[in-house]
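This document starts with one chain, in the form predicted alone, laid out as structure tokens.
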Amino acid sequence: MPTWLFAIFALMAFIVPAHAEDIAEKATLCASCHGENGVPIDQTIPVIWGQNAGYLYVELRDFKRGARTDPIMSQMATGLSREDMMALAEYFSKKPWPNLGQKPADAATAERAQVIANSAQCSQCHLAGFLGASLVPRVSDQNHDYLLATLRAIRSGERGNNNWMTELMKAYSDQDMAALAAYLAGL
């Protein structure tokens, strides 16, 4: 991301949340990246419309605390109060999940991904259909590139706000993660 664009987002993170009148107004800043209609501007950015409120709150909190880092989101969360984070999480959780138009994985990839998901017991936390609940994210129909990057970041420990997942992902290869991301994105 160009430095000038990062600077604009960082400045907006301090100005907009502090002076916005209501949560919908504060949420307009989120649309800059996550999309006005819920479809992110880039496939490396996650869908937050329709995501589980508990999960959204925890991630915002972790960005604010530094337990999870991202050049833009860490700055955005800095200016948010606990009440703002809870309200934003609730606001976005009530939005409909957008149609990203992603295609289902081919049969061989889907079969490999299902074996991986079963061996990792993914549905124990992410539940049936990989829709998650409460503090566990929906990963079904999430942006493919975001899913793949996230799986790799979790495995490497770069995304360090879930040590249990880090240990679990160490058992899987890049090819396994690619199959899992393709499968989940196409659900």
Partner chain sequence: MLLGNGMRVGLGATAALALGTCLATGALADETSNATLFGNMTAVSQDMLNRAGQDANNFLMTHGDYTQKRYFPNRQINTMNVRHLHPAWIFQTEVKETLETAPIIVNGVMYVTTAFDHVYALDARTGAEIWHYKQPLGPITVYCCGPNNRGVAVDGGMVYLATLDAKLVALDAKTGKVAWQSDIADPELGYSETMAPTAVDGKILIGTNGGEYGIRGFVKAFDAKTGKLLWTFNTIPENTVGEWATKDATGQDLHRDIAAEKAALAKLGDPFKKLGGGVWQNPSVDLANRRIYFVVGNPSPDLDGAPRPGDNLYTDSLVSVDLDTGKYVCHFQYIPHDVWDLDAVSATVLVDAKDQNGALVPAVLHAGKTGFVYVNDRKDCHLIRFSEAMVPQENMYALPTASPGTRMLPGANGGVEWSAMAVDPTLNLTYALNLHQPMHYSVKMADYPGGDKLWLGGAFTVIPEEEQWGNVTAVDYNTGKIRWQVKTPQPMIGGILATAGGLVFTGESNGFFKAYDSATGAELWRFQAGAGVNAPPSGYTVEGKEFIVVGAGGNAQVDSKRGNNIIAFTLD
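Residue numbers count along the first chain shown, from 1. Everything numeric in this text was worked out from a predicted model, so none of it was measured.
We do not show the form predicted in complex with the partner chain, though everything after this point is about it.
Heavy atoms of no residue among 35, 39 and 74 are located within 4.5 Å of the partner chain in the predicted bound form.
Stretch 157-165 is the contacting one of 144-152, 42-50, 157-165, 27-35, since its residues have non-hydrogen atoms within 4.5 Å of the partner chain in the predicted bound form. At least one heavy atom of residue 61 is located within 4.5 Å of the partner chain in the predicted bound form. Although the partner is absent here, residue 115 is a contact residue: one of its heavy atoms lies within 4.5 angstroms of the partner chain in the predicted bound form.
The partner chain in the predicted bound form comes within 4.5 Å of no heavy atom belonging to residue 69. Contact check for residue 80: no non-hydrogen atom falls within 4.5 Å of the partner chain in the predicted bound form. With contact defined as any non-hydrogen atom lying within 4.5 angstroms of the partner chain in the predicted bound form, the contacting residues in 120-147 are 121, 123, 124, 125, 127, 128, 132, 133, 134, 135, 136, given in sequence order.
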